[in-house]
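Next up is one chain by itself, shown in C-alpha cells, the form predicted on its own.
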Amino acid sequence: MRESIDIDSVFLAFGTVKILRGVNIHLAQNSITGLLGRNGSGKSCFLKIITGSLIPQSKHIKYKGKKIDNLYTIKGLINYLPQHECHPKSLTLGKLVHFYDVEANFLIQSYPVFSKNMDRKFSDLSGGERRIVEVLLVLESKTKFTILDEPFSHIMPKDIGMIKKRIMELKSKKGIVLTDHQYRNILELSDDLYFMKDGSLKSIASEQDLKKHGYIR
C-alpha cells in the first residue's frame, strides 16, 4: 500500500498580504506531483511549509491518515531542495556524499560530475555542476518523499535529460514533488499537476489549462 501525505487548510499571510488561502494537496509514493505558478504566487512558501521551515497561520497535515505537526520529525520521511544554492562551499563532494548517506560507488559509476570531482571542494565546481550535485544528492537520498524547487535551473539540456530520467526511475521508490519555470519538463514528468494562483491550487490536466489560467500564451 502506498504511503501518502495530505496537507490541508494552509493559510499564510505576511501582515495584511495574504499569500496562501486554504491550500490543499495530496502527495503519494510512486507518484510525481508538479506545481506551477508565477513568481510570487506562493509556491516556494508552500513547499517550505510542507517541510517545516516556514510556519503559517494555519495548517493541517496527515501522514498515513494520522495527524502530525511536522513531517521532518519522522526520520527518512521527506527532504527538500530549495531553489537557491544551500550547501557549504568549503566541503568536498566526498564529504557531502557522506553527509547524505548516499552510496558513493553508485554516484561515481552513474554520474560524471561525481566520478571526476569527489576530492574537489563544492566551491571549485561551476554553477551548473553545483546545481546538478545538489539535485542528485537530495534525489538519491533514502527518503520516502523528495521535494525539488527549480531543479532544472542553470543546467544544460543534456543534464536536464539525465535528471528527468533518474526522477522517473526513482518514482518506483518515493513520492516526488517538482516545481520549475521550465513548465514543459513539469508537464512531461507529472502524474498530478497543480497551478498556484490567487493563493489557491487548481488542478491542471493539460497545457491548454495553463493557457486558460494565463500562465502561458
Partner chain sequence: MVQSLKLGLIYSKDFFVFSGIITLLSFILFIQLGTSSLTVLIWFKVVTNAVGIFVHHNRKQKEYFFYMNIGLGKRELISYAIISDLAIWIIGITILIKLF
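Predicted model only: the values in this text are computed from it and were never measured. Residue numbers count along the first chain shown, from 1.
As for the form predicted together with the partner chain, it is not shown, yet the points below apply to it.
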Checklist entry - Of the options Leu91, Val102, Leu125, Met118, which one has a non-hydrogen atom that comes within 4.5 Å of the partner chain in the predicted bound form? => result Leu91
Checklist entry - Within a 4.5 Å heavy atom cut-off, is Val138 in contact with the partner chain in the predicted bound form? => result yes
Next on the checklist: So in the predicted bound form, is the partner chain close enough to Ser53 to count as touching (4.5 Å, heavy atoms)?
Outcome noted: yes
Checklist entry - Looking in the predicted bound form, any heavy atom of Tyr80 within 4.5 Å of the partner chain? => result yes
Next on the checklist: Considering non-hydrogen atoms and a 4.5 Å limit, does the partner chain approach Leu96 in the predicted bound form?
Outcome noted: yes
